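Okay, so here's just one chain, in structure tokens, the form predicted on its own.
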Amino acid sequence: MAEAILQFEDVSLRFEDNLVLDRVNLTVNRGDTFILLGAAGSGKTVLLKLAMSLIQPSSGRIRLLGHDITDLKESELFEIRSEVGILFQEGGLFDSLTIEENVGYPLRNQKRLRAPEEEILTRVTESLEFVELGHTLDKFPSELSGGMRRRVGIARANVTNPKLSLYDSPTAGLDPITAHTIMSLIVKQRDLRKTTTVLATHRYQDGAMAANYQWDEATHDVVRAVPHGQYASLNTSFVVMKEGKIAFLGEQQQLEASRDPYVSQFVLHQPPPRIGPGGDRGHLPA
């Protein structure tokens, strides 16, 4: 049987008179990739915050890695959270810490993960090299570009080798080439580390890439799992949120076939433009 990593059971969230989530039911199994789409304020980021118990639901139950976290105290959540990596919007780095200190922060501040300094440095270096930023250890976030800061955020989210990775708008505000690089690294993390992935995004290209591309060690790049025009089967599901409810849940082919006016507006039916000579990693996925 599939192992449930994250479950929402009739979860609702209300801020005073504002119903933010309305009886959401969702199950993410080990090895799944879930793409969360929806308009601003539809509930995408709220779902990620609830998954980490950063906010509490008004009703319903949430299970994370086999634990019912709905009513747990903050002190009881530390060990469970240590098995989850999260990339916040804009990367969420500490401006006053070096890149090495930022990436090593979970290893130094989560009790279950604490290790000798030499081991932490080794793991931080490996994590930064994984995102091709091994040379930035002594730099500060202000010295890096927006895309590089986002890559550091990915390194920090995954330095603990989490069972579940949560990404909140990882490509927001980035140019197409840099966004493609960020998604390549997320696919790399998913495929090489076998990480269950939930990704909130406003870019349909991000979801299409996760659904159809896989990491190829031979070329050290992402490659299509199936020819253009076909749909791959990479355990990827799409969720479209609308006013706190799930308006759609299914595979990419079903999403693109939807005739619901709200759902279809999040689908890019035409292939995105190719990146010309000198572009990063060839072209964007169709």
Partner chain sequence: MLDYLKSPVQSFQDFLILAGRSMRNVAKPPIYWNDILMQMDSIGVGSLPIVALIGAFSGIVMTLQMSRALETYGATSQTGQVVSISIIRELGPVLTALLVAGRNASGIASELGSMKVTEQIDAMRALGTDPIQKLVVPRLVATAIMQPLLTAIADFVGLLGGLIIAVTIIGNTANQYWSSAIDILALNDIAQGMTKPFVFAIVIALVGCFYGMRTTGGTQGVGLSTTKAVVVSSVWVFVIDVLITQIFVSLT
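From a predicted model like this one, the values you see are computed outputs, not experimental measurements. Positions refer to the first chain, counted from 1.
Missing here is the form predicted in complex with its partner chain; even so, the following discussion is about that form.
Asks: Taking 4.5 Å between heavy atoms as the contact cutoff, choose which of T45, T70, N235, S258 touches its partner chain in the predicted bound form.
Replies: Selected option: T45.
Asks: From the list F130, F140, F88, Y204, which entry has a heavy atom within 4.5 Å of its partner chain in the predicted bound form?
Replies: None of the others qualify; the residue that does is F88.
Asks: Please state whether every one of the three residues S53, F78 and D95 places a non-hydrogen atom within 4.5 angstroms of its partner chain in the predicted bound form.
Replies: Every residue of the spot touches its partner chain in the predicted bound form.
Asks: At 4.5 Å between heavy atoms, only one of the stretches 241 to 249, 26 to 34, 45 to 53, 62 to 70 reaches its partner chain in the predicted bound form; which one is it?
Replies: Of the options given, it is 45 to 53.
Asks: Any chance R156 has a heavy atom within 4.5 Å of its partner chain in the predicted bound form?
Replies: Because a heavy atom of R156 falls inside 4.5 Å of its partner chain in the predicted bound form, the answer is yes.
Asks: For W215, is any heavy atom within 4.5 Å of its partner chain in the predicted bound form, or not?
Replies: Flag for W215 set to no.
Asks: Taking its partner chain as it sits in the predicted bound form, is E74 near enough to touch it, meaning that at least one heavy atom pair lies within 4.5 angstroms?
Replies: E74 belongs to the contact set for its partner chain.
Asks: Verify the contact flag for N109: yes if a non-hydrogen atom of it lies within 4.5 Å of a non-hydrogen atom of its partner chain in the predicted bound form, no if not.
Replies: Taking the distances in the predicted bound form, the answer for N109 is yes, it comes within 4.5 Å of its partner chain.
Asks: Taking only heavy atoms into account, state which residues of 204 to 239 are within 4.5 Å of its partner chain in the predicted bound form, ordered by sequence.
Replies: Read in sequence order, no residue approaches its partner chain (within 4.5 Å, in the predicted bound form).
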